[in-house]
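One chain follows as structure tokens, the form predicted alone.
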């Protein structure tokens, strides 16, 4: 019998523990969590009597990792009633153009109104530019904003790409890596002379991949759980052996010994031995823990910054709204909020009780000054903006919850893949050690689950 110690009880750590337990049921699995709950950045509150996500509120159904895990655990899923979103711009409100790739257009069709006439002409003019020279070498990278402003103009970045990347990464397009945040586009760029052609090729390749995997490219883009996406880590913890998850038990040090590893854990510095260790915590904490066993990982881990943000969950009296799942709000509007999700219209299980449930987020990388407000002031400001954006006739909420995510989202800045490769190379030199999580392979729930499964498989192979 071997012992696996997982540091971190977020979705990554719990998935890794579950994967190990299913593969090696006779082994002991210990999951250490410094906080007082499981789930990491997946959280939920009781909003007017119903579980309501304050972290990720959906998972990509067309990326199989999350839905496959839900099926393994026997969890029923909910599909959205609508995913039709609009973008709020200084010139008015517009439906998002169809067929874009994280906001990157595949042609100039459907951009009228969203972009100005000059902005549409700028997109059309890409065909007359010098053919795009995007290096195939993964060590060479560019920022999303730098590339797209040069090829398609500022409006595409400011009005389409920025609100989408701001929602996913709480980041800035002018700092984020093309290769790390838009890998499908980056894979096509060296093969095509324009961004538009590369985006179209990436979109079509994605559709073919989904069709090959599921038999059809159709079906829901997103799904959730009846008790929220945050119910998934709770289900994982319940599926592990009793006592496997140890809350309020931080790991303060990790060292290599002849028999494997030793960790000092908890306030009493208990020494815990392990045959294998999987570190599934944010980059800064991972750097401190790995300093003694994989010192080459420290500098690249410390080069991954994090953005802070906040989510306000609101329940209003029931009232009529325009159709749609919500709004994207780019910085060019000068608004406080980044977006609004009308959950009562998006998710069938959050409607039907006469209340309007809405959530909104605040905060971007290097723009967190608004988060310095008091809880009451920030909540009031968000409620006022949401009421204005949605045109609420009854703008006084019956209940609100503010949840702050300090250091919530890793920033995939230009050169991110090089930093990840350096971390992995340093960790690979230590048999029985692995890292996984949002800092490496993607910030979405499916990406974290996939990262966990691959790390657990590598460790299993090492012990075997």
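Residue numbers count along the first chain shown, from 1. Since we're looking at a predicted model, the values are computed, not measured.
Form predicted in complex with a small molecule: not shown, discussed below.
K.L.:
Quick check: do 34, 56 and 409 each get a heavy atom within 4.5 Å of the small molecule in the predicted bound form?
P.N.:
Looking in the predicted bound form, the three residues 34, 56 and 409 all sit within 4.5 Å of the small molecule (heavy atoms).
K.L.:
Counting non-hydrogen atoms within 4.5 angstroms of the small molecule in the predicted bound form, say which of 249, 106, 116, 77 makes the cut.
P.N.:
Selected residue: 249.
K.L.:
Can you pick out, from 173, 297, 280, 277, the residue that has a heavy atom within 4.5 Å of the small molecule in the predicted bound form?
P.N.:
Comparing distances to the small molecule in the predicted bound form, the residue within 4.5 Å is 280.
K.L.:
Taking the shortest heavy atom distance, is residue 10 within 4.5 Å of the small molecule in the predicted bound form?
P.N.:
Taking the distances in the predicted bound form, the answer for residue 10 is yes, it comes within 4.5 Å of the small molecule.
K.L.:
Do residue 41 and the small molecule come within 4.5 Å of each other in the predicted bound form, heavy atoms counted?
P.N.:
Answer yes; at least one heavy atom of residue 41 falls within 4.5 Å of the small molecule in the predicted bound form.
K.L.:
Although the small molecule is absent from this view, report whether residue 438 comes within 4.5 Å of it in the predicted bound form, heavy atoms only.
P.N.:
Yes - in the predicted bound form, heavy atoms of residue 438 and the small molecule come within 4.5 Å of each other.
K.L.:
Does at least one non-hydrogen atom of residue 359 fall within 4.5 angstroms of the small molecule in the predicted bound form?
P.N.:
The answer is yes: residue 359 has a heavy atom within 4.5 Å of the small molecule.
K.L.:
Can you say which of 22 to 30, 44 to 52, 418 to 426, 401 to 409 gets within 4.5 Å of the small molecule in the predicted bound form, counting heavy atoms only?
P.N.:
Contact-bearing stretch, as computed: 401 to 409.
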